[in-house]
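In structure tokens, the next block holds one chain alone, the form predicted on its own.
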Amino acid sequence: MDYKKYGFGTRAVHEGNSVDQETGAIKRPITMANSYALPYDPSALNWSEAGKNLYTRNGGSNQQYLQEKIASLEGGEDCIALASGVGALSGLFFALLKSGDHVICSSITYIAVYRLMNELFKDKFQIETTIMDTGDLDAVRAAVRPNTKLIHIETPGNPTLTINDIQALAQIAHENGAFLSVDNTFASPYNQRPIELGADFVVESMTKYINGHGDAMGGAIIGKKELLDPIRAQSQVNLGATISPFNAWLISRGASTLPLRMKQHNDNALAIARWLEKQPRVRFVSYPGLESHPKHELAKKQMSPGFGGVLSFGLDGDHDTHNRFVSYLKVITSAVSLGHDASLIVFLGEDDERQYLYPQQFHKGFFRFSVGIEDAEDLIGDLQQALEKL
């Protein structure tokens, strides 16, 4: 059935699912097979062909069902589901770029992107990268070279919650024969759909909000089929970054409740960010939903209906003050990752290797806080009692 005419919530539930023809189950089963039946004469098969039920590294049933759902939610033509968010990022870069290409990359991105572009791809493949503030559109225009192949951004950016203008950067990229890729993990397709704003590729760490339960890893690349086919062949089949059937099934299950969970994440994070701004011991709060955020108006323009569940904040205190604060928390868990049902917080100290790229207020250490779907009053109460113990 074609669900394109239906709303986001209906597609989250029904896309990629149907009645199982063998058993009559109204949920598609987990197909834990690594091989599928061959035709009568298999000699003509291309053993490296992607997207067919031949061998699970080439593509399996649960992967295909998940890809249908994510492509629909992102507003994209096609999707590749891979083993992790970093698998999706490295798979995109590996297949798209070659020696001698130039990349413009946001200064605020996930640490793996910084390492891939600033170290691995530069040293191993001689791919040049300009790491810069992609919020400065004039500077981006000036940085474009004849060999610029890709502009890669992350918005909101991890961990400082910077905002980039997707539509404007897509225009700059396309005017110069380059592609724009957007890491949409912090927003999720519920709040932001970069394909609709002109991006060529969207990358999601499905480990985070799309799965939403902290129990499975996966990544996705979304875009036009003609652009994804070579990525699928190279980065999935020949590099082997394929998602497992079980993880694909878990993430597809989790994605069905994405709209409900994101509404709670959005509401909780905004309420907590506004509360934190009023606390005398809080040095700063960075959240795109706050009027104090320097790109709040741009965030309102390209993010709807909310601003996600991640915020950053710092305390008025030294290194140990931040660690003691975390030790006093009872509901909020000290752990990495984000987008879980439970609230997670991590202290990022003053010795971060990329600190020179962060705004000044982040230089004294700060928290990245992934606000969960608990009751907001309980989360605020937990923050308050920890502040009081300081």
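Note that residue numbering follows the sequence shown and begins at 1. Note that this is a predicted model, so its numbers are computed, not measured.
Heads up, the form predicted together with a small molecule isn't pictured, but that's what we're talking about next.
What stretch, of 266 to 274, 80 to 88, 234 to 242, 160 to 168, brings heavy atoms to within 4.5 Å of the small molecule in the predicted bound form?
So the stretch in question is 80 to 88.
110, 205 and 338 - do all three of these have some heavy atom no more than 4.5 Å from the small molecule in the predicted bound form?
The answer is yes; 110, 205 and 338 each reach the small molecule.
Which residue among 186, 190, 287, 201 has a heavy atom within 4.5 angstroms of the small molecule in the predicted bound form?
Contact check passes for 186.
Only one of 308, 218, 76, 212 gets a heavy atom within 4.5 Å of the small molecule in the predicted bound form. Which one?
None of the other options qualify; the answer is 218.
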